[in-house]
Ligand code: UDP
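Next up: just one chain, as structure tokens, the form predicted alone.
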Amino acid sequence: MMKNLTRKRILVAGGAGFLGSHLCDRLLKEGHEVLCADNFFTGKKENLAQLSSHPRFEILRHDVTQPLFVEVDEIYNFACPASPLHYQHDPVQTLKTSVLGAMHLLGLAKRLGAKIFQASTSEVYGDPTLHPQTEEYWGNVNPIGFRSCYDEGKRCAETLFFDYWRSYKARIKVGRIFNTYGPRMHPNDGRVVSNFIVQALTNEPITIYGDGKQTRSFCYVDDLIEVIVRLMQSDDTLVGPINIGNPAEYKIAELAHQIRELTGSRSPIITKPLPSDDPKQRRPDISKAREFLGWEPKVPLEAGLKATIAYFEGALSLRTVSGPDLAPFLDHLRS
């Protein structure tokens, strides 16, 4: 049998997480071999259950704060808790994951001559004074706040990627991911979409932090994976950073009312004080993604929310919630 010359062996660090697991699905559908590396702090084996018997899929329990020695053609780095409740649980470990993880995976990519993607974040912009945010904006970030372990960790990771690119000609791709939602979000991750849906489905009060006038833009996971793959497949001269997200902007209060309506929930909507350093507005300028990758999101918010709600209905009924025991920590933050 002739070998598939287009098949690649691809490492997805953080591949058991929300985004990483969807990426594993996509890469396998394209005919590649996929090695998922995850320490399962927030990643879930359930996210990969559909791939357990796939002949081209392999799982490696590994923490990227330690070196990794494998042979691959491409690397995607998604290894870091992405929700405030999870990354604030152990801020030192979060920072180490972003910084040491980037160093170890860049070193691996340098040795192998492999192309490497960094899942960066809109959090590098902090509480932005420029709206919408362009890639040229340097951000407004508190370096010593509760969110700094994640915000500054991701900023430092970007620095490492570009230093490896300048110093060693590493084949890098950097995408700044804005709010993303969809099936396989962790029900207890504290992010707004998952929070609202779980509260609505259980008829608990839907909690808005602040006055609800702060805005976010929400990208459905399938749209996000599409642009990430396009960026990785692009010419090596396009390194980024590239904003990837949905530029449609919604007030948090609007989102709460829409989710309550779509779930048919009886939940009251209540407000609590806004956490420190929480951005007032967040919206990507995706001009570069449109120009260089021919991409823009296609899934409307209502359609994406319906699919996400259906997933959570199944997850809650099957009691498939897993991950770190954060109950005391969550209660403290929400009090």
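Computed from a predicted model, the values in this text were never measured in an experiment. Position 1 is the first residue in the sequence shown; the rest follow in order.
Below, we turn to the form predicted in complex with the ligand, even though it does not appear here.
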Query raised in the report: Which of these residues, Asn140, Asn203, Thr207, Gln233, gets a heavy atom within 4.5 Å of the ligand in the predicted bound form?
Result: Thr207
Report summary line: Contact with the ligand in the predicted bound form, heavy atom within 4.5 Å, among Arg171, His104, Arg147, Arg155 goes to Arg147
Query raised in the report: Can you say which of 260-268, 209-217, 234-242, 107-115 gets within 4.5 Å of the ligand in the predicted bound form, counting heavy atoms only?
Result: 209-217
Query - Proximity of Asn179 to the ligand in the predicted bound form, heavy atoms at 4.5 Å - result: yes
Requested in this report: Although the ligand is absent from this view, report whether Asn195 comes within 4.5 Å of it in the predicted bound form, heavy atoms only.
Outcome: yes
Requested in this report: May I ask you to state whether Ile252 is within 4.5 Å of the ligand in the predicted bound form, using heavy atom distances?
Outcome: yes
**Report entry** Contact flag, Arg282 vs the ligand in the predicted bound form, heavy atom cut 4.5 Å
**Finding:** yes
Report task. Kindly confirm or deny that Pro84, Glu123 and Arg191 each have some heavy atom within 4.5 angstroms of the ligand in the predicted bound form. Result -> yes
Query raised in the report: Looking at the ligand in the predicted bound form, which residues in 34-67 have at least one heavy atom within 4.5 Å of it?
Result: none
